[in-house]
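Take a look at this single chain, the form predicted on its own, given in structure tokens.
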């Protein structure tokens, strides 16, 4: 793996980005790993997209950046090369500029989701999962579940055509998994789900404070909310009342940050220990 020997300039690009925790995470990571990675928010309004990107690339203002809403799918077509994960899910959430000016697009959602499920000792292989939402993050969850060999994955989304499109894409990649699109989850599934995922912005600051889960969940499953702030969301509180195990989006966010670092700078020694330290410090800050 490459190892950068100089200052590295990065940031998180999207609109808005003021709420992002990534700057504080990378600032602390830079201190822990004793490497000068300079990180900031890069707020680009959609109306400025066409003018801003060529300037950023030509002037080499940044060596790489994370990508958040609403640009993950736009960068899919903008970069020169795609990682296998980015190509599979059709979205880019990390860009790295090479020395020759070419751009590489990656997707760390897949890594973050997979590592979070591993930490929760959950492998949905041959089991059933329910995903609320049908955007890029939901597609990444579906991709991970396909990798695990899930027997059945439901995409529950108010726009049925969007859910159907994601199912169609995943069926081509994982023909042995049944992907089902629905506007509303059934009252009872054919077998108890092992995993419920909130891949919608519901519960996030600035969005409606409610859970997308309308039907009663099966006890013993894991409820995974991709929202990381607030720490306790309506989805997770509903899951707690129903006896489900729970995990929020902070672990996924931290794994994504660590993956970003390794793509940009180089391998992180004792990565599990670093992740644990970061989590303890971030949780302390937000409580």
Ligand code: NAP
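Positions refer to the first chain, counted from 1. Because the structure is predicted, anything quoted here is derived from the model rather than measured.
The same protein also has a form predicted together with the ligand, omitted here; what follows describes it.
Asker: Just one of 146 to 154, 171 to 179, 196 to 204, 76 to 84 has residues with a heavy atom within 4.5 Å of the ligand in the predicted bound form, so point it out.
Answerer: Going through the listed ranges, the match is 196 to 204.
Asker: Please tell me whether the candidate spot formed by 134, 226 and 249 is one where all three residues come within 4.5 Å of the ligand in the predicted bound form (heavy atoms).
Answerer: Answer is yes for this spot.
Asker: Any chance residue 66 has a heavy atom within 4.5 Å of the ligand in the predicted bound form?
Answerer: Contact check for residue 66: no, nothing within 4.5 Å of the ligand in the predicted bound form.
Asker: Would you classify residue 101 as touching the ligand in the predicted bound form, given a 4.5 Å non-hydrogen atom cut-off?
Answerer: No, residue 101 is distant from the partner.
Asker: Does residue 238 make contact with the ligand in the predicted bound form, using a 4.5 Å heavy atom cut-off?
Answerer: Result no; residue 238 lies far from the ligand in the predicted bound form.
Asker: Would you check, heavy atoms only and a 4.5 Å threshold, whether residue 256 touches the ligand in the predicted bound form?
Answerer: Heavy-atom contact with the ligand at 4.5 Å: present for residue 256.
Asker: Taking the ligand in the predicted bound form as the reference, which of 192, 208, 125, 186 has a non-hydrogen atom within 4.5 Å?
Answerer: So the residue touching the ligand in the predicted bound form, by this definition, is 208.
Asker: So the ligand isn't shown here. In the predicted bound form, which residue out of 138, 130, 117, 95 has a non-hydrogen atom within 4.5 Å of it?
Answerer: Only one listed residue qualifies here, and that residue is 138.
Asker: Just give me the residues of 147 to 172, first to last, that have a heavy atom within 4.5 Å of the ligand in the predicted bound form.
Answerer: The stretch touches the partner through 157, 158, 159, 162.
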